[in-house]
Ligand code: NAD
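Take a look at this single chain in structure tokens; it is the form predicted alone.
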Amino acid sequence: MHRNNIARNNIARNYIAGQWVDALSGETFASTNPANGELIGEAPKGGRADVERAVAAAAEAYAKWRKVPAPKRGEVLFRVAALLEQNKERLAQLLTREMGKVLPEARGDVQEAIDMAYYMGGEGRRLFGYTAPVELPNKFGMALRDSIGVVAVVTPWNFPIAIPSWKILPALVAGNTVVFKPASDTPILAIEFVRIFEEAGLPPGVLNIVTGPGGAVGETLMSHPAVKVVTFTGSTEVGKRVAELAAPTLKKVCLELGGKNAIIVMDDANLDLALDGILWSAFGTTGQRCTACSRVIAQKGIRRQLVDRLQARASRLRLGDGLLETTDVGPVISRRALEGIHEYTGIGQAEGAELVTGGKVVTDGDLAKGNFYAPTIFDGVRPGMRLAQEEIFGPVLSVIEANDLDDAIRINNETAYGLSSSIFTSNVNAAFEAIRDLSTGIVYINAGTIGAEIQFPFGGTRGTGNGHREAGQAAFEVFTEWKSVYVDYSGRLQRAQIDTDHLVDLA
């Protein structure tokens, strides 16, 4: 479909039942560049009626899509992967303009979707079930993965292509249909992402997108009786609300929520490597990752040197528009986010932590047009402080001192979250103790807390989620149901657990 059918007069459209349509209300909302306030475009301000149309389209398409052979569904995903590759630079440029992350990271965001499309396309020829021996003669048993129905996909703004790909691609290859509600901060990119699926030949109604507010669009989707699965990435607070909305209709719910991730640095660590890992994990994506490092737990022998070198490196990071090659750290997503991050600087100082560097909104020159916060480091943070316990979702790093490995692991584990953790050490025994004892869904050895790959399960423990995982084979636990099948070719009624003794001749 031609691009002028997707947007008119710089106003994008929703995609429902294979048609690009305006919101029924006729209303729109603006998407702007967080680096300078530039208008990216206008998106439809969808509501309950738009969700009803999209869910009805997805439900109707499901009847046919579920019967398309899985290898054929996978072939569509291969075409999606190829189109994403062809459009990688265009999408990355748009991603940086709409979300703010620096261009190399934006390219990585798109690449993650490419990787996921190829991986999940291959699953069209796998989707493994299993067979096992049965206890009766002339009988066969197997377990199959079955599709579920309409899936509601609700995603955040910080990875506006990668995270939707983690959800949409496995849902589709498994035979489900999707209604996609992207974050209101990045709607234009989401619409462009859906356009790729249309161009790849996905049948009408199999993937639909409705942009708009979380209440009118998101909550309607999550509570809709025809929606069978809800997959949501966002804050823990909102995740609890999602679970409440889905509970009355007993939907399957996958929640990927917050993090308070830590890097442990032992006295025997390669300090140069640890510094690189901490800076990338704390200030990459301007700290706006659920896996971002917001705590460094440093053994007492190395802490002072580590803090001094972190201060020197962080104070030299260059803020700016993510499209500029000179930029190290881009803007935060919104003015509201900027204010929330700065509030934590005041909280940390009130709690008695030492502000080492940063701690301010940056308004120098052209930066005054955007939402920029100086990379911030606190020292002398105690494990129980709010600074060390609450997710800030910005470029704020707390340094906590630990006596030894056991103390460091205890500090790491004593938060409400359990997504990602890391340890830098040259002691192989300490590394394996950390693998065993760190109670997070992801553990890194001699690397930062960010950089998960799509072929492994992604998710965490405690307040980070509700036990499900995304990506890899684990994704299909969310998007499929198990169906156990028994084939009895004995020609008589055989009763499992009852007739086993006299029907089986052991002689």
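Heads up: residue numbers just count along the shown sequence, starting at 1. Everything numeric here is computed off the predicted structure, so don't read it as measured data.
One more form of this protein exists, namely the form predicted together with the ligand; it is left out here, but the text below deals with it.
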item	value
Partner contact for Pro331 in the model of the complex: the ligand, 4.5 angstroms, heavy atom	no
Distance check, Glu391 to the ligand in the model of the complex, heavy atom within 4.5 Å	yes
Heavy atom of Ala117 within 4.5 Å of the ligand in the model of the complex	no
In the model of the complex, Lys101 touching the ligand (heavy atom, 4.5 Å)	no
Candidate spot Thr155, Lys181 and Leu257, all three touching the ligand in the model of the complex (heavy atom, 4.5 Å)	yes
One residue of Asn427, Thr249, Asn270, Ser235 in contact with the ligand, assessed in the model of the complex (non-hydrogen atom, 4.5 angstroms)	Ser235
Selected contact from Val194, Leu245, Ile400, Ile409, since only one has a non-hydrogen atom within 4.5 angstroms of the ligand in the model of the complex	Leu245
Stretch in contact in the model of the complex with the ligand, which is absent here, among 85-93, 353-361, 217-225, 272-280 (heavy atoms within 4.5 Å)	217-225
Contacts with the ligand in the model of the complex, stretch 290-314 (heavy atom within 4.5 Å)	Cys290
